[in-house]
Each structure stands twice: as structure tokens, then as C-alpha cells.
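Form predicted alone, single chain, as C-alpha cells, below.
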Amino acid sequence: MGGWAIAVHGGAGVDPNLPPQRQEEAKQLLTCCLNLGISALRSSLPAIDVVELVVRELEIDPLFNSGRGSALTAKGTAEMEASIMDGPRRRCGAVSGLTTVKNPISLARLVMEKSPHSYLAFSGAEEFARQQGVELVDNEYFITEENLGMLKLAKEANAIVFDYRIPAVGLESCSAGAGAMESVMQMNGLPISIYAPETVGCVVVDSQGRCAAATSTGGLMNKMSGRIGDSPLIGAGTYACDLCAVSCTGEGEAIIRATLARDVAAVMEYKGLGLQEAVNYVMKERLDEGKAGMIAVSRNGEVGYGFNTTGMFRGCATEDGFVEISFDNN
């Protein structure tokens, strides 16, 4: 075993021209979460505890798309989903359609540990949350002014928004004219004031070689009510086993088709690839035209990541002192 390692992401699809203030806010949050995880690992917390701890912190902060700050459905509500997986015995828990649970990732863990099932959704998940006594809040808690603005633009453009992109026709309908829009700072064709974030996740291997993964999201902006993405689907957005742990972000439907997270473990096991080799292979060979990113750790204390979008917010650290916080290819 090569010691502990941790990686965290705040979503794929980041524009390289993201304003410096936004870059700094995201890096500060990732640094805070990474340090939280490092401290927990140095205190010998198991990997499964660390991934829950870190993702809870990301869910509380509205900067990224999970918990407070979740992307909104076409009805203007937040419907959240999350999953968690403990590698040693491949135990897992997942939830979808949450509207009042403050920390979806913790309910996912309770599904894993306190129910006979692996996945609960919508009213059944909410009822289980009440039975377990988790903290509940009104749906308005999750809704931010930025995301209300993003939803308005998405509706006017008749689009479901993934990784900050929207057809140009939508921008034209939201301005006094093309000339007016040219003077506004934009990111992937969107005004900065309606920036929309992406999924969060964390993967950890502890000093005992135990791997765990956790992923949480509000899904796509302007999604149909009831839509379920890759984040709560074990093997698609989240996977952990005795070899590695993986958390994905990006175009959910493409990640689902590719069973992206599980495939990393599969090519490590069946092709004998190393962690980064496996990530590179899966990103190149399994996504077709889909856009996504992932973070991963191995039981040997390695970290890896990959993305085919313009960027991916991420941070990682290993026991030997390596630390990185970045969002682009530099």
C-alpha cells in the first residue's frame, strides 16, 4: 500500500476564461474541503467517513451544484440525488428526488447502513429521512438567485443546460440586442451573472488501503421533474471496490450509457492497467461524443483524473505531500 490519497471535484465543463473571482472562490472551497479530508485521514478516519464528511461540506456551500445551490427543475424546484460506496465490501447507498433533505449524501449513507436496500427515491426516500431523523429544510433553502436567473435563461432558450452552455438564440432573447450582449462578460456564451455550477464528488483511499467514493448533485438546469442522472447510479457516476474509487461529473446520460465509473475498475482488473492509464482509456474509448470528467484513487495511494470538457474543478492530495488544486489543463 502506498498510503492515503484523496481527490475532490466540483464539476466538469469549466470555461478557461472563468473570471478570476470565480476561480478563486472555487479554489478556496476545494482547498477547504481537501484540507478537511486530509485532517480526517491523518486522524485515521476510514475512507467512507472521509468522503461523506467532504461531500457534506460541498453540499452546504452554494458555489457548486449539490445541496444548497442545486440546479433547478423546469418547475423551479430542487430535486437532489447522491450516492456513496464503500469499496471493501462494495456496500452502497443512493437517493434521488430529494426536496427537503439538507445533506443528501448522508441520507445515501443511511440507506446503505440502516435499510435493507441500496437505492431509495422521491417520497420513499423522504419518508426514510424523516424516520432516520436527518435534518430537513424547506425547498427554498436550496434555491439561489443565480440559479433562478439561469433557469429563466434556459427556459427562454428552450434548453436543458449542461456545463454552462446554452444556444445563442437564448441569449438574444434575453437582451436588448446583439450589441448589448457583446458588452457583457460571457462564459461559454453565457453572461457571468447566470453562471451555473456542476456536480460534486470525493474519492478516498485511507492508510489501510480501503477505498470509498461519494457523489452529489442537483442535476441538470431546467431538467424534467423526475429525471435521474448518473450521480446516484452505482457503476455510472460512483463506484468503489478493493482496487479503486471513482466519482464522475458531466453529461449524465453519456456517463450512464458508458457505466463510466465501473469501467475504470474493470480495465484495471481485466486489462491490468494502472489507475491513470485506466482513466485515460475509459475517457477516450467509452464516452463516444459525451462530455464528462472523473476523479479516482487506487488502493496503492495513487490519484488520477481525466476530462474531455474545457475544464474540471478538482483538488487532490497524497500522503507523500503532493497537493494540487486546478480547473484546467495547466
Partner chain sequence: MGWAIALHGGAGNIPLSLPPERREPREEALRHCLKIGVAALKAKRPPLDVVELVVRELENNPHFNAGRGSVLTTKGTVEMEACIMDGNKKCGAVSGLSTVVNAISLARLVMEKTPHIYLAFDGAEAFAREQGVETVDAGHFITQENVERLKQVIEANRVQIDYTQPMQKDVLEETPTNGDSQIGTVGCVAVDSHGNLATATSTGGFVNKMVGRIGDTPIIGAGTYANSLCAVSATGKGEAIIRATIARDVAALMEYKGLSLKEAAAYVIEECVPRGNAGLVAVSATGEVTMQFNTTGMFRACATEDGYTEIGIWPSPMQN
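Small disclaimer: the values here were computed from a predicted structure and weren't measured. Residue numbers count along the first chain shown, from 1.
Form predicted in complex with the partner chain: not shown, discussed below.
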{"query": "Proximity to the partner chain in the model of the complex, single hit among 140, 127, 135, 145 (heavy atom within 4.5 Å)", "finding": "127"}
{"query": "Of 157, 151, 78, 234, the one that lies within 4.5 Å of the partner chain in the model of the complex (heavy atoms)", "finding": "234"}
{"query": "Listed range touching the partner chain, judged in the model of the complex by heavy atoms within 4.5 Å, from 242 to 250, 199 to 207, 100 to 108, 87 to 95", "finding": "87 to 95"}
{"query": "4.5 Å heavy atom contact, residue 288 to the partner chain in the model of the complex", "finding": "yes"}
{"query": "The partner chain contact in the model of the complex: residue 57, any heavy atom under 4.5 Å", "finding": "no"}
{"query": "Exercise: residue 262 in contact with the partner chain in the model of the complex, heavy atom 4.5 Å", "finding": "yes"}
{"query": "Contact of residue 271 with the partner chain in the model of the complex (heavy atom, 4.5 Å)", "finding": "yes"}
{"query": "Neighbours of the partner chain in the model of the complex among 218 to 246 [non-hydrogen atom within 4.5 angstroms]", "finding": "220, 223, 224, 225, 226, 227, 228, 233, 234, 235, 239"}
